[in-house]
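In the form predicted alone, a lone chain appears below as structure tokens.
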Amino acid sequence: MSMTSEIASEPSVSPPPQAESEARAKMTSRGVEVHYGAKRALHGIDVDILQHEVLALIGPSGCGKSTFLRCLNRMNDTIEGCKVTGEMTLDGGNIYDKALDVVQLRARVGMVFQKPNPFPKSIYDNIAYGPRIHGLAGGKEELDGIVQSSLERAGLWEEVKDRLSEPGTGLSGGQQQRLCIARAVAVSPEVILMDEPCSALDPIATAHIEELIDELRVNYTIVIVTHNMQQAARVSQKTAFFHLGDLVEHKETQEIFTNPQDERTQGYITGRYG
């Protein structure tokens, strides 16, 4: 019997907050450590990433936040000498299971990188590429629908609907980043990882991406690495502060910024270091 049904059958008993959190967790990390050769980059990270929430990872450069993000879809597998230990799950399943298909994992846990990286293909083919290789479309009409709906979700359809055959690389920086988000969305992921998605964009394009993140949260779980604390405060429900490979604090975003419990967090958000 699932935890949810057990709770439902005993309405007079409220679950402890930790149990409720685990029931809603889309992904979990328990004791996760990362070594690059002899260097330990992450020190036993424990965190729950809840469904339909935005989790912001903040901290000074080199603190481990991007390393942790890359653990969530096994992008660290591509780095020679990198070793990940501990347990990390998606819907309760171990994503580091040797039998797991990493290609399928990365379809479920999509990623948007720091710099927009559209394929050197048409706007249409940038979006259609993933659905084609994963066999998600039964024909041209279905593929057209996926392309349109993905561009609509990324807030880009009206701007590009009459130029789908033009190169994606011809779009502005902000449009290219939204194209990359549409490309990630096209394979129907459950989680979207964003590594400093606005750092190369101007303020207007950044505002578009931030609005988009809030809209996407309805359908997806989102984890974003950002160096911009104001951005973390605007877009996230939970924030995790990393420092020198440690997860120092992880709680409601408002609480992190108004009532941090650790002096390291206090020092970072007040600008004493970073």
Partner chain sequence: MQTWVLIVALLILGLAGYYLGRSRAVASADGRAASLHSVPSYYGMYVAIWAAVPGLILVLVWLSIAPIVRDNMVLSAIPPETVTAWAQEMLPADLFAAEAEAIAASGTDGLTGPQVELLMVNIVNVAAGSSFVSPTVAGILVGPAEHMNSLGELSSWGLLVIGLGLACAGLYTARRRLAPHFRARNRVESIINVFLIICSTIAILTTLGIVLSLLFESARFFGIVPIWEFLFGTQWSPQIAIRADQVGSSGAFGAIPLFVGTLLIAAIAMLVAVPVGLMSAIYLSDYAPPRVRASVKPVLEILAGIPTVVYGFFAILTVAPFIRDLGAAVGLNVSANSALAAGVVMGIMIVPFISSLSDDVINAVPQSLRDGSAALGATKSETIRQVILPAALPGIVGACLLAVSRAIGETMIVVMAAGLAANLTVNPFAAVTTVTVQIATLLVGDQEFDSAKTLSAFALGLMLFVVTLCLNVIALRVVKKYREKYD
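Residue numbers count along the first chain shown, from 1. These figures come from a predicted structure and were not determined experimentally.
Here the subject shifts to the form predicted in complex with its partner chain, a form of this protein not shown in this document.
Chemist: So its partner chain isn't shown here. In the predicted bound form, which residue out of 84, 143, 111, 90 has a non-hydrogen atom within 4.5 Å of it?
Modeler: Contact residue from the list: 111.
Chemist: Using a 4.5 Å heavy atom cut-off, which residue among 151, 198, 184, 71 comes into contact with its partner chain in the predicted bound form?
Modeler: When its partner chain is considered in the predicted bound form, the option within 4.5 Å is 184.
Chemist: Using a 4.5 Å heavy atom cut-off, indicate which stretch of 200-208, 91-99, 151-159, 131-139 touches its partner chain in the predicted bound form.
Modeler: Selected range: 131-139.
Chemist: Since the partner isn't included here, can you check whether its partner chain sits close to all of 75, 107 and 121 in the predicted bound form (heavy atom within 4.5 Å for each)?
Modeler: Each of the three qualifies.
Chemist: With the partner left out here, check for me: in the predicted bound form, does some heavy atom of residue 167 sit within 4.5 Å of its partner chain?
Modeler: Yes - in the predicted bound form, heavy atoms of residue 167 and its partner chain come within 4.5 Å of each other.
Chemist: Can you check whether residue 172 is within 4.5 Å of its partner chain in the predicted bound form, heavy atom basis?
Modeler: No, residue 172 sits far enough from its partner chain in the predicted bound form that none of its heavy atoms falls within 4.5 Å.
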